[in-house]
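We begin with a single chain expressed as structure tokens, specifically the form predicted alone.
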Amino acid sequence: MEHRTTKYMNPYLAGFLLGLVLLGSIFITGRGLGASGAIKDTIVSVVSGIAPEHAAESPYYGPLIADQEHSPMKSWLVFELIGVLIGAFVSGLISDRLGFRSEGGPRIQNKTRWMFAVMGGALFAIGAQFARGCTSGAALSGMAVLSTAGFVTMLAIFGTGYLVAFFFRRLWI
């Protein structure tokens, strides 16, 4: 059996570098990091392109597309997310980890693993919209400026993760 070693960055160094990127973002743009806003902007643009009348009359989409001069796709978060995807690709390329594979526990099928991954991602995206920010936007950026909401968000994310991990541990163990 071939044992393949995987190269990962030291997590402490990665956390330190993430902090520097966050501080740089706040210093240069005046805003913290975020990802869910880019997804929202993309969805607004897609809905506006497919059903412009519906988007214009919608109480949710309408205000977001009212400014005709500034397309939601010109949001800095969209460019940030594109940069994250490119960076992830380059990181995988450098560390020889490019490829498609499903990781999970030995007792779970790939189909089930993917179903739970999609459901979890959808729930997290919906929660990010209710909270007006995701892990990076509400929690990391909020904590970086010592916002109480940032600390509460981070505690809620990890606290909920620990609480529900017992029920979903078979997906990984």
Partner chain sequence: MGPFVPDPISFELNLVIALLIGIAFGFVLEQAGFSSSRKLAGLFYGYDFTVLRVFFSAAVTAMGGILLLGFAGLLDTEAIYINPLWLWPAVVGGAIMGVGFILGGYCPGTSFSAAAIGKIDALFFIGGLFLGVFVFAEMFPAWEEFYYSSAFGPVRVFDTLGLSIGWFAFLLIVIALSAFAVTSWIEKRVSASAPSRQFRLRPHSIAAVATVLAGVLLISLPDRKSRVLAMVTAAEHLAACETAFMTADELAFRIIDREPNIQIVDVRDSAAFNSFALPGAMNIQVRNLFDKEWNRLFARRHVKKVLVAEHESDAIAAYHVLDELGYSNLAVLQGGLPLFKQDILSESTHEAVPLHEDVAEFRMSARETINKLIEQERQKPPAVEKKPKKVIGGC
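For clarity, every value in this text was computed on a predicted model and none was experimentally measured. Residue numbers count along the first chain shown, from 1.
Only in words, not in the display: the form predicted in complex with its partner chain, which the text now covers.
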### Message
Is it the case that P52, even though its partner is missing from this view, gets within 4.5 Å of its partner chain in the predicted bound form, heavy atoms only?
### Response
no
### Message
When the contact criterion is heavy atoms within 4.5 Å, does S48 count as touching its partner chain in the predicted bound form?
### Response
no
### Task
Tell me, yes or no, whether T148 is in contact with its partner chain in the predicted bound form, where a contact means a heavy atom of each within 4.5 Å.
yes
### 4.5 Å heavy atom contact, A66 and its partner chain in the predicted bound form
no
### Task
Note that its partner chain is not shown here; using its position in the predicted bound form, name the residues of 138-173 with a heavy atom within 4.5 Å of it, in sequence order.
A138, A139, L140, G142, M143, A144, V145, L146, S147, T148, A149, G150, F151, V152, T153, M154, A156, I157, F158, T160, G161, Y162, V164, A165, F168, R169, L171, W172, I173
